[in-house]
Every structure is written in C-alpha cells, then in structure tokens.
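This document starts with one chain, in the form predicted alone, laid out as structure tokens.
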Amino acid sequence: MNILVTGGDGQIGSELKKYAQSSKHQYYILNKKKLNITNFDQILKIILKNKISIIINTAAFTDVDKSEKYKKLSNNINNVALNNLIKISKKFKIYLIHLSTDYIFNGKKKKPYLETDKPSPINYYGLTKLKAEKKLINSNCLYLIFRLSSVYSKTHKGFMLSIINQAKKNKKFYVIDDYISSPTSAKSIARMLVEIIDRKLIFSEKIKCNIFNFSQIGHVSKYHFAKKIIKYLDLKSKCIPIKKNNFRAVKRPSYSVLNLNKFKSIIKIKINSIDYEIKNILL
C-alpha cells in the first residue's frame, strides 16, 4: 500500500520517517512546502500520482496560545482543511487516519477521560480540533481518530525541548504543577501508527470508523515531568513548582488524562509507561 503523511516536518511526521523505513509499505511523508493541506488541487495531484490508499493527517496548528491570536489560521489548518482530505478520501475510497487531542475536554473530570465522554473545549485550539472530529465522524468516509495527550519530542519545539534548554541555562526555574496529563512521545505514536498498518489492524470491523485514546501509561504534572527530564539528563538545575494562576496564559484543561482501556482491549498494541519513553528518548 502507498501511504501519504501530511505534516512531514512536525514531531510525529519526523518520527514516522524513521519507522516507515522498516515497513513493507511505501510512505510519502511530505512537509507543508510540498503538501499544503489547504490546497485541494495539490493534494489531489499527489494522491493520483502516487496511488495513495491511506492518508495519515499529522498536520496541525498546535500552538495553544497562538491559536487564540491567529484564529483563522488555526481553524484553517486544524479544521477547514480537513474538508479537502475528506472529499478526496470519499471519492477514491482512501482510509483517513486523523490525529486529535485531549484538549477537546475541559479538564473538570477527576478520572481518565473515556472516548464517550462529552467534549467541552476551553480554548480555541481544542475547539478547532473538536470541529474537525465532528466533521470526520459525519463524513461517511473510512476514518480512524486517535486522541493524543501532550505530545513531545527531543528535537522539536515543545515542552521537553523547552525544559532541556532552560535546565542547561538556569540554576533554577519555575514549572506549573497543576496541569495533569499523560505526556506522549512522538516516537511512540509513530511506532503505533506503522504497526497498526503493517499488521492490517486498521481494517478490522472493531477499529475502522472509530475513536481511540492513545498516550503513555501513567500521568504527571508538568512540574513532575520536568523533574524527570532533569533527573535522566543528570542536570544540576532545579525546577520549582508554581500554580497556573500565576501565569496569564490561555486556559488549558487542568486534568486531561486519557482512559486507555478501549485501545488496550481492541487494538492490543503494547503501550509504554511515561518513564520508559522519557528514558528511551533521553538516554
């Protein structure tokens, strides 16, 4: 099968380039310069030229703060552009795998979110991702949605790289300790996506046209996640816990841990712990 991946220079797209090398399928992993998902004709040309059977949509505007400032841009990439992928997927019967987020929830729940829990985003980024989900679910095309939690990598701009840079520069710095999630490595997501395709799991009646949560096992605050990074890198700096109310930032769910029981019981691919993935990436 030939597989098209959007957002090829992002955290997940970059990791997919590595795992796709060992796959028996052909992956076309394109960045936004080679594939702009807001450009219908460009997508169509690539689809037809390469006889694509599956699209993995990793392209997204993920900056939560900038999403509030650049709402049109955020909505175009996260939501409106999905119209193009859906239209092409329906016409050519292409399987569309779409990546969503834990930020579709408001964070008021005190136990892990189920796929069936009612979404209620509290920021614009979460709203754009929820709109995209609804659009895909109602599209009548062949789809699969994965909701992810706090995606990170060592090489791309994000929380892990920010903590590493701060820890190397400063003897002490502050990290919010009342945002709880299950940080998920881009590497583990890429590994999972390649495996479900290689094993043809996505074509199972229990899996296709469905939503699954995927994250690492366990949960931590941003502060404790930062402490783990510092510990494994053996850095001498100290991070100090601080409450989110001390920051004038865009609202984020205080608790966005995802329940993994559905993924474990149906897809049955091994999921690693938070600590295992951090060590695997840093050491």
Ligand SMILES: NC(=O)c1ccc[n+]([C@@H]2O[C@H](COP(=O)([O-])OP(=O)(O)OC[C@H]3O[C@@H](n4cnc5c(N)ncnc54)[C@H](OP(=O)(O)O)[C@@H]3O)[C@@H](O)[C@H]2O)c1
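Only a predicted model underlies this, so the values are computations on that prediction, with no experimental measurement involved. Note that residue numbering follows the sequence shown and begins at 1.
Form predicted in complex with the named molecule: not shown, discussed below.
The chain is drawn here without the named molecule; in the predicted bound form, the stretch among 96 to 104, 114 to 122, 163 to 171, 193 to 201 whose residues come within 4.5 Å of it by any heavy atom is 96 to 104. The candidate spot formed by Thr38, Ile77 and Ser149 lies fully in contact with the named molecule in the predicted bound form, as each residue has a heavy atom within 4.5 Å of it.
Not displayed here, the named molecule is kept clear of Ser256 by more than 4.5 Å at the level of heavy atoms in the predicted bound form.
Although the partner is absent here, Ser237 is not a contact residue: none of its heavy atoms lies within 4.5 angstroms of the named molecule in the predicted bound form.
Interface residue remark: Ala226 is not counted as part of the site for the named molecule in the predicted bound form, having no heavy atom within 4.5 Å. The named molecule in the predicted bound form comes within 4.5 Å of a heavy atom belonging to Thr58. Contact with the named molecule in the predicted bound form, judged by any heavy atom within 4.5 Å, is made by just one of Lys66, Lys32, Lys251, His219: Lys32.
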